[in-house]
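Here you get one chain, nothing else, as structure tokens; it is the form predicted alone.
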């Protein structure tokens, strides 16, 4: 089953008498359990796409299928029960007065019995390493900790699709590293969950099965991380950089070392040492 199938999507913002085209005939699909990272320059339409997938925005043209159902007015409530989204600003998405309250929010909306709720809250707080913070207030948490709580709240709803829209954009390097480690852990423990990540950090994109590059509202390039990052000059031409571990191999190739894009770090280091 395809978890997501986007067909010929168009979207524009209308401001007064001006129309700004954001997405232009964008199509892609995603298998259940697949992890896809979306990268692209600012304004290319990545975050707009995430909002369209949860019906926070409505497309001008095109169709979106989630879990084999078309996203439209009479299916949106059902589909939202199976989709979780984590936005970039943890302060804007913290709803509860404490960590416990925040994780409980979605469970209360689904009328989960109170006697079951505490076990669920504890389970997912443990999954994200926040079980000792359940009675803490938001102001006492770091940005990375707030994002962990947001992810715990989403995971407690058992989503089949998880959208992470620039979830590390406002975090410091330590917080970003925490969320990347958590994402890797989620993937290993929830193999049926489909994860879509929008990111400006190329190291995060390396964690995905596939990368889709969006440029000027269109799919510019897609493939495995190795395939996409082998097109260094094309990516640089649209304002994107390479992850560090890809960048140093590119520099070695320019210096004349026989480095291949498919080589592991260990293989490249061995050639360098010789």
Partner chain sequence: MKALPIGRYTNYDTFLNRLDARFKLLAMILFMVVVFIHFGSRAMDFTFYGLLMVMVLVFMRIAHIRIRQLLRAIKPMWFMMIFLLIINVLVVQTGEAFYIGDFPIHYDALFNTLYTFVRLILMLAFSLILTATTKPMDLTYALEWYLHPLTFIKVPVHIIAMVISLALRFIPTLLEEADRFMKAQASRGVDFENGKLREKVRAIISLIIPLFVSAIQRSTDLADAMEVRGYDPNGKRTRYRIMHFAKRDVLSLFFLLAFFGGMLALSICGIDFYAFIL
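Residue numbers count along the first chain shown, from 1. On a predicted model such as this, the values are computed, not experimentally measured, just so you know.
Heads up, the form predicted in complex with its partner chain isn't pictured, but that's what we're talking about next.
- Judged against its partner chain in the predicted complex with a 4.5 angstroms heavy atom cut-off, the residues 100, 108 and 121 are in contact without exception.
- Heavy atoms within 4.5 Å of its partner chain in the predicted complex belong, among the stretches 220 to 228, 239 to 247, 60 to 68, 46 to 54, to residues of 46 to 54.
- Contact check for residue 159: no non-hydrogen atom falls within 4.5 Å of its partner chain in the predicted complex.
- Residue contact check for residue 171: none of its heavy atoms lie within 4.5 Å of its partner chain in the predicted complex.
- Contact between residue 80 and its partner chain in the predicted complex is found at the 4.5 Å heavy atom cutoff.
- In the predicted complex, its partner chain lies farther than 4.5 Å from every heavy atom of residue 145.
- This chain is displayed alone, yet in the predicted complex one of 179, 130, 85, 202 has a heavy atom within 4.5 Å of its partner chain; that residue is 85.
- Residues 80, 85, 87, 89, 91, 92, 93, 94, 95, 96, 97, 98 are the members of 65 to 98 with a non-hydrogen atom no more than 4.5 angstroms from its partner chain in the predicted complex.
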